[in-house]
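In structure tokens, the next block holds one chain alone, the form predicted on its own.
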Amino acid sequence: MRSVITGSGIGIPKNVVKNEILGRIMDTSDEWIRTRSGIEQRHYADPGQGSAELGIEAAQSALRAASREVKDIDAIVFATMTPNHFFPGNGPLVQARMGFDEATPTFDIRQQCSGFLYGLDLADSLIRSGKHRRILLIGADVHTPFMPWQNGWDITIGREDRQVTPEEYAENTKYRDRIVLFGDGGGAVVVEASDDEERGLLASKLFTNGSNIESLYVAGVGFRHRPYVTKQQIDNGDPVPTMEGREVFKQAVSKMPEAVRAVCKTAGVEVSDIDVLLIHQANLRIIEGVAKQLGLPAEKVPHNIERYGNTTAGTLPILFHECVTNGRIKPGMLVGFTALGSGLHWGAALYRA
């Protein structure tokens, strides 16, 4: 039995935020952002639009593409690090709003940038166990609430037209290395059991190493603190992610290629056999570095980070959907997935389309 993706969809906010707009509220420029990340624009959610809403939009599209209805789905897996509520996760919101039967279990997982990859492995495991036959897998994140948007949020999405104050400008600039990287968005796939041995998920390899979580984590808003969030934490910027960019880059361009080689060995194929490798869209320089380490030509490594930025758990399903839609991924192709994110969590999977 194999796990086959029978449909995909995406949920993208309408607000397109180009690099030049960010230059209005902090010390940055289109050239500065492109040079360091390859990003040209990203999408920002409206106030009140969270990862659950984007995930539901993507899920509805995926169901249509798979020619399935809500009643056909046995379980839901939602990968996000930015749920609408601290708890519960987004799974129950999807179940209630989309009208799933209460006998449909939901799994909320939070492996950050590796969330969709881990979710794909979980969906495959549930199917191979024989417990479920059709699973809705969603990966979606909204990053804008992380940032100090009281200092210019409305300007970025066109709700207000003003100049930020010098104090706001300076405060925003403190976080520009992170603000410029992230966007909001989500993707979803329907994963089904199939007896067709020529298609489906071939293998996956997942890894975790928590020995240096400080390289990419959120220092504040956690239950080690008493209370878990305070005004002082907010004033200090502790709810904003902390990132050691050089260390993350170093880990990404070494760990992801290692994972791809490992999963190829497990599946009995060569790296060169991969037709399309979908890499987590964190930074164009990382994508290029991983491709170089693996010896894969640019035509085998599509990217869309220039249009979306880093949407965390949303990057892989959004990219997969676009590649299927535009014909980059065709039936019979060997498709690779790889990602690395906070934890550190990383891994790779191979899928025969």
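A residue's number is simply how far along the shown sequence it sits, counting from 1. None of the values given here were measured: they were computed from a predicted structure.
Here the subject shifts to the form predicted together with a small molecule, a form of this protein not shown in this document.
_Heavy atom within 4.5 Å of the small molecule in the predicted bound form - the one residue of C264, I157, V248, L201 that qualifies_ = Spelling it out, the residue with a heavy atom inside the cut-off is V248.
*Of R285, R307, R34, K300, which residue is found within 4.5 angstroms of the small molecule in the predicted bound form when only non-hydrogen atoms are counted?*
It is R285.
*Partner-facing stretch of 264-272, 174-182, 68-76, 116-124, counted where any non-hydrogen atom is within 4.5 angstroms of the small molecule in the predicted bound form*: Every other range fails; the passing one is 174-182.
*L277: heavy atom within 4.5 Å of the small molecule in the predicted bound form?*
Contact with the small molecule, no.
*Indicate whether the small molecule has at least one heavy atom within 4.5 Å of a heavy atom of V190 in the predicted bound form.*
It does not: once the small molecule is placed as it appears in the predicted bound form, V190 has no heavy atom within 4.5 Å of it.
*Though only this chain appears here, would V229 touch the small molecule in the predicted bound form if you measure heavy atom gaps against 4.5 Å?*
Judged by the heavy-atom cut-off of 4.5 Å, V229 is well away from the small molecule in the predicted bound form.
_At 4.5 Å between heavy atoms, is L216 in contact with the small molecule in the predicted bound form?_
Output for L216 is yes: heavy atoms within 4.5 Å of the small molecule.
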